[in-house]
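Single chain ahead, written as structure tokens, the form predicted on its own.
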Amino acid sequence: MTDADPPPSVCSREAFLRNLQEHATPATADQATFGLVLVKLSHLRDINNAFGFSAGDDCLNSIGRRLLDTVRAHDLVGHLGGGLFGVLVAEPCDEALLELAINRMLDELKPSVTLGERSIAIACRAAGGLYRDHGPTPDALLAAVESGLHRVFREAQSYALLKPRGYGRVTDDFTLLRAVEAAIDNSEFTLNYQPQLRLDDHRVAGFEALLRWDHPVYARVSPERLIPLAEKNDVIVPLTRWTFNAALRQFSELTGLSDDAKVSVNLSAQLLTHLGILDIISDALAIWNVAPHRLMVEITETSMMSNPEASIAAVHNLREIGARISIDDFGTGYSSLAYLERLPLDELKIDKSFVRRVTDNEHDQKIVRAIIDLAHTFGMHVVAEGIEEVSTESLLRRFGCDVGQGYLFSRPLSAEMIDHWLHAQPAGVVV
């Protein structure tokens, strides 16, 4: 940099995406490649609520300056919105350099932000991948790294470096998509059920339906790969129809449940505002003669915020047919009190990344307690995911959490095993 050069600055989302597009040339796939890192402040909302939005802005400005201090002159830092930043690690870049860059960023972001006489702790997580391995378009690279970042938060990691998959994955996905279509026609999918227990008396509150597919070639295909692929094609509609019908059919066959026990089914973000989703759900409820209030439709917080106004209308429509609504993975997205107040929600599910650390992390204790109090203020009950220790359950019960699920109570059960599991519990109480 010469004396005449301006100092580097954090660019806008639009400028960052434009630069990403310019770097993503076809030649990059075979020649020198670049890397993309997404860095996210994990508790911006808490900072805004506790100290005000100006303090949150100061924290974001500090993160931007620190990221600029770690990158090379030809790299690029952009603020992508909320607590999310992007870093383009320019050519030439390989896995070792990308991982070094991620570690340097996170080390630089560890110290607290000092605002006057006040010190605010910040916590950032990151994910990164190479264009050569996750192209062939900038959108594909962004989607892959964003998925990695979600996994980092879900599994309470500090960062993830995405493993190479190569452009051959496009062909694999095409083949897999055809297999999905055949699997729907041949009823190859199954559902497992994660029991949910009331924490005050350990009675069964319901079950969450979990999609499973064991393919003879691909082995077990994870929902994290299956659902995004299906969402990009028309396959998500018949897959969703099958899932709701299978879950309600198997739930209707259970005995020994209380009248208010429910089955929870996850709804794809893409289908939340789909014109046909109400018919799919209404038809399934009628076919299997399940009272609508016994169906809990789970929607992720992130999917709600992608199109808030349309999502609010869609949730009201679901409530009009009698279904109950749950916001899944709460605490990992960008929802605001204003939207929560406008939504007829029945349940908030605390993401397991918070639950797993709640006994030994004071910050997460505050977050969990705040979510529980918030939900109760709006007339919702709270489900905590990922409970594995007795000490975790005890603390959540003391905080007022209503329902829990996790390996402490049971691993996911096949439909055939649920009745056996239920009748092994005295008077419906899990001990």
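A residue's number is simply how far along the shown sequence it sits, counting from 1. It should be emphasised that the depicted structure is a prediction, and the values quoted were computed from it without experimental measurement.
One more form of this protein exists, namely the form predicted together with a small molecule; it is left out here, but the text below deals with it.
S.K.: Given that the small molecule is not shown alongside this chain, does Glu388 nevertheless sit within 4.5 Å of it in the predicted complex, heavy atom to heavy atom?
M.R.: Yes, Glu388 lies within 4.5 Å of the small molecule in the predicted complex.
S.K.: Even though the partner isn't displayed, in the predicted complex is Glu208 close enough to the small molecule, meaning a heavy atom within 4.5 Å?
M.R.: Although the small molecule is absent here, Glu208 would touch it in the predicted complex, with heavy atoms inside 4.5 Å.
S.K.: Is Leu267 near the small molecule? Define near as a heavy atom within 4.5 Å, in the predicted complex.
M.R.: Output for Leu267 is yes: heavy atoms within 4.5 Å of the small molecule.
S.K.: Look up in the predicted complex whether Glu253 has a non-hydrogen atom within 4.5 angstroms of the small molecule, and give yes or no.
M.R.: Heavy-atom contact with the small molecule at 4.5 Å: absent for Glu253.
S.K.: Consider the chain as shown here, without its partner, and state which of Arg125, Lys352, Arg241, Arg319 has a heavy atom within 4.5 Å of the small molecule in the predicted complex.
M.R.: Comparing distances to the small molecule in the predicted complex, the residue within 4.5 Å is Lys352.
S.K.: Note which of Val315, Val113, Ile227, Leu142 lies within 4.5 Å of the small molecule in the predicted complex, where distance is taken over heavy atoms; exactly one does.
M.R.: Selected residue: Ile227.
S.K.: Heavy atoms within 4.5 Å of the small molecule in the predicted complex: which stretch among 380 to 388, 360 to 368, 50 to 58, 34 to 42?
M.R.: Comparing against the small molecule in the predicted complex, the contact stretch is 380 to 388.
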